[in-house]
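We begin with a single chain expressed as structure tokens, specifically the form predicted alone.
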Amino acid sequence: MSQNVVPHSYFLKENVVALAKELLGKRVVTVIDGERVSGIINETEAYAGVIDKASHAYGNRRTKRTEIMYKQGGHIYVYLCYGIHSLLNIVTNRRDIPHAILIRSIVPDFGLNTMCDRRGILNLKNIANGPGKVAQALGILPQHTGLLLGEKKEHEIIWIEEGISVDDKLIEATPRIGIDYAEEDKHRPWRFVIPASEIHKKIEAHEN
């Protein structure tokens, strides 16, 4: 792993909304099936646990699926959307406070051929611009739920490291997507996004 790995303590912060914004520009890296790939995070959503009607843990719901959300920050929570798409979430805060951040989009910066093969496409522009696409491109599946960031399991490992700096002025905060069931909480501006084009500029500047 890189020396720039974000420590587990980073994910113990209490303010999941602020942390979701801070994750923009960080790099998520996986080594799965012997293939290393990575991308810069450019879209996230915050879910505030028991008080958030959009959260799987709303009302202190504890099931076999949601129990991972009650572990300490830095664990991975992967669930299936519509029974098809794996979605990558990072658990945050202290044990028994079920906060989580959904990684909605990344800009690939390493292992693009592997990502394209996993996605079954040739167009790099749309390779990981949605939460289901993110997990597929990174090789992440529900079986990775419970894995601690940076923990190797059967030669597979997932971690987050420092990436590129992000200008706060370029960050847009909007309501989260696809949570109409969340009543008044669906309006909370807890989705954070920075245009992929801005990330590409940063990547190109670094390479040059």
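Numbering starts at 1 and follows the sequence shown. What you are looking at is a predicted structure, and each value in this text was computed from that prediction instead of being measured.
The discussion below concerns the form predicted in complex with the DNA, not included here.
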Considering the DNA in the predicted bound form, find the one stretch among 165-173, 151-159, 24-32, 53-61 with heavy atoms no farther than 4.5 Å from it. 53-61
Quick one: does T114 come within 4.5 Å of the DNA in the predicted bound form, counting heavy atoms only? no
Consider I97 of the chain shown here, and say whether it contacts the DNA in the predicted bound form, taking contact as heavy atoms within 4.5 Å. no
Within 4.5 Å, heavy atoms only: does P131 come near the DNA in the predicted bound form? yes
Is there a non-hydrogen atom of I177 within 4.5 angstroms of a non-hydrogen atom of the DNA in the predicted bound form? yes
Using a 4.5 Å cut-off on heavy atoms, what residues in 92-110 are near the DNA in the predicted bound form? L102, R104
